[in-house]
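One chain follows as structure tokens, the form predicted alone.
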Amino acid sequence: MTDTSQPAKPPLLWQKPDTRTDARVMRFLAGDDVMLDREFFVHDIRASKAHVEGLAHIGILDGAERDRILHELDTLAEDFRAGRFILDERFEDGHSAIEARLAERLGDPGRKVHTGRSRNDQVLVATRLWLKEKLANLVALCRDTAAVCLDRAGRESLPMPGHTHLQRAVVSSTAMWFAGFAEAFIDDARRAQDTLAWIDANPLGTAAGYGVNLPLDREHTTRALGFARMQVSPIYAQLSRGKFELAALDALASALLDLRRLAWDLSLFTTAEYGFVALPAEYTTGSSIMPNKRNPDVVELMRASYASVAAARSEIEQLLSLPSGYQRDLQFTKGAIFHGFGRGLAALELLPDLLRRLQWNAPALAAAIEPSMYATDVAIEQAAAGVPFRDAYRAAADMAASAGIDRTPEASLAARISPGAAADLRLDTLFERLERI
């Protein structure tokens, strides 16, 4: 049976009758657009529906035309999700595919969908909607991670070495470790939420950056698409492209920087030399040549995920050395955000479950605490008793090897009463911050 949902290769929307196209030039211009637009396609359809409704409000479409186009756009979205419509190299990009489908199914009414829009307008609003979705996912993942960390910090507290300069320094605890990352991911969630609010501006109806001679109902499209506000200036809509993407990647980068440090800890803690942590078996893989090995590959790729975001950020930053107005250079922002968020969110999605299920090796943690790690306690106690701190510091250094006599890790942690330290973790404060996000 012939697949009638797949039209033949449509003509180029912008092609002039006396212009010959070169296949090599067209391949270069298209780049990865068709492949990337698969990611943004349903958002483009959603924005097209809002635009169609707006065109009906100003009399460009009558009610029957509006309803037929909206029905076909819904059908196209369903066909795309079900694999009945495939966005492939027959199309220049996702936007031309939408128009080709509507023209094939509806004729002239379908050809009206582009009225008052440019392809740049279409990709700008589709990627803006996509970024909002991804930032909302980022907020949720950071909140989930913080919640797991707070839960474990409140339920268990095993003494463990606290490291500075990669050297064992003082007595710490698993509760302090979890509380530290809880606060980090609370801040990451807040930053992602603030960034989402900042970019929550509707560019639909700004055309190629100078508006059009139609009274477009931009207030309607802002409401219909769930934007918090209209991006008023068409010129600023163009100036924001790349800048908003960069801000979204920065929010993602904040979370991945914390993930990278957490992953580094787990990479060290799972080594035989440390032996502090056992990971769930499915988060490790076997060696292809060493039958005795189970490798923490998931943790290592989590650690590496920041690199993709840094690369995406750098690519967009290099694109933005442009004058005002639309420039084709900005086409490359699509690939950058796709790869950056693809890698970054995939890593963060695995984190809450990993943190929930990792197991501490209490004997190994206890065995790693050595007498010199109490030297700071000795110095602080002497200073509290009236000895000038530098004198107490030198005396504690001289006796560091014996500083642990008659001391226990538990007592050291119980005496750590400064706000946020082991005896006063302030988990309720962190929980309240988390609840406000």
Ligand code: ARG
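Don't overthink the numbering: it's just position in the shown sequence, from 1. Quantities reported herein were computed from a predicted structural model and do not represent experimental measurements.
There is another form of this protein, the form predicted in complex with arginine, and it is not shown here; the text below is about that form.
Visitor: Looking at 331, 222, 195, 240, which has any heavy atom no more than 4.5 Å from arginine in the model of the complex?
Guide: Result of the distance check: 331.
Visitor: Scan 227, 326, 269, 177 and let me know which has any heavy atom within 4.5 Å of arginine in the model of the complex.
Guide: Contact residue from the list: 326.
Visitor: 163 to 171, 75 to 83, 246 to 254, 115 to 123: which one contacts arginine in the model of the complex at 4.5 Å, heavy atom to heavy atom?
Guide: Careful reading of the contacts points to 115 to 123.
Visitor: Counting only non-hydrogen atoms and a 4.5 angstroms cut-off, does residue 101 reach arginine in the model of the complex?
Guide: Contact with arginine, no.
Visitor: Tell me, yes or no, whether residue 188 is in contact with arginine in the model of the complex, where a contact means a heavy atom of each within 4.5 Å.
Guide: Result no; residue 188 lies far from arginine in the model of the complex.
Visitor: Is the gap between residue 95 and arginine in the model of the complex 4.5 Å or less for some heavy atom pair?
Guide: Yes - in the model of the complex, heavy atoms of residue 95 and arginine come within 4.5 Å of each other.
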